[in-house]
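Below you'll find only one chain, the form predicted on its own, shown as structure tokens.
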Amino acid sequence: MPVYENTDPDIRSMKGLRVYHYFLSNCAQRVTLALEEKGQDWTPHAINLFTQENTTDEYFRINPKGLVPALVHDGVVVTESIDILRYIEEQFPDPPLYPSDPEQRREVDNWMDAATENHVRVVKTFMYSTVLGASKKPGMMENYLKKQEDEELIAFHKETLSGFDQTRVLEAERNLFAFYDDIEKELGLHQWLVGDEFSYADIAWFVTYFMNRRVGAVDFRNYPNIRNWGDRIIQRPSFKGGVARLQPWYAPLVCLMLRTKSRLQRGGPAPAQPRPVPQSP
């Protein structure tokens, strides 16, 4: 678990729970939803990814990868959204967001691990190639490379500038739809993703669905169970406190712009099913 005993005296002196987030970040929304479900008091700190505030020296002092979210808990820094969820459960076990049944607990962990393992390869590749575009301008990239040490992140951001290999994009799309197929199936068997208790599995994957839906990246017409599941989560108090209240006034305009950009870039509406990957001759 990436828990940093940060040596910066300003950070070590921070009291309480502080979450560094961005209003469109699905990963950050996992953390804010979980804290709201736990009934914790926490302080939001918005980091503007559009203006590259996450690449400043100040923010790199908090998160050495320059990513959101980051959690600072009484001077202890925790990064990576799924690891933060597990940290939250250790620190604040009640009410639990893991099922009591050991087998179901393992299922929740599997869904959480899948969200981590497929974040860059599937979710980010799909979103940046079809909606978001280049993550950094060339001048910004030069500054970023001086600070970033994670090779996977460096390679990914370079690819957003040079353009994604189309076969890789289509594979990411098919993998993402495969996850939605599995979620749709599970939600046809029980109320929540793992059994009949709301858990970290729901938090881990709801935010991806919510992001894909609000920017028009995916057409969910073939997923009625997912749509109903998403609507139930949106009605939870944790969504209002952990997502809705953090949206700036211009959020609807940004989402409309991204939906329009996505449609123009695709040359048509969002996919309701994955496109086939061309077979090598």
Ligand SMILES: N[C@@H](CCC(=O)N[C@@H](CS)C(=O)NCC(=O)O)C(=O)O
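Position 1 is the first residue in the sequence shown; the rest follow in order. Predicted model, so just to flag it, every value in this text is computed and none were measured.
Another form, the form predicted in complex with the named molecule, is not on view; read the next lines as being about it.
I need the one stretch from 233 to 241, 220 to 228, 37 to 45, 59 to 67 whose residues put non-hydrogen atoms within 4.5 angstroms of the named molecule in the predicted bound form.
Partner-contacting stretch among the options: 59 to 67.
Answer yes if any heavy atom of N212 is within 4.5 Å of a heavy atom of the named molecule in the predicted bound form; otherwise answer no.
No, N212 is distant from the partner.
Can you check whether L33 is within 4.5 Å of the named molecule in the predicted bound form, heavy atom basis?
Heavy-atom contact with the named molecule at 4.5 Å: absent for L33.
Check whether Y144 has any heavy atom within 4.5 Å of a heavy atom of the named molecule in the predicted bound form, and answer yes or no.
Answer yes; at least one heavy atom of Y144 falls within 4.5 Å of the named molecule in the predicted bound form.
State yes or no: in the predicted bound form, is some non-hydrogen atom of S25 no more than 4.5 angstroms from a non-hydrogen atom of the named molecule?
It does: once the named molecule is placed as it appears in the predicted bound form, S25 has a heavy atom within 4.5 Å of it.
Counting only non-hydrogen atoms and a 4.5 Å threshold, tell me whether L49, S81 and H119 all contact the named molecule in the predicted bound form.
Yes, each of L49, S81 and H119 comes within 4.5 Å of the named molecule in the predicted bound form.
Here the chain is shown alone; which of R86, R174, H157, R168 has a heavy atom within 4.5 Å of the named molecule in the predicted bound form?
In short, H157.
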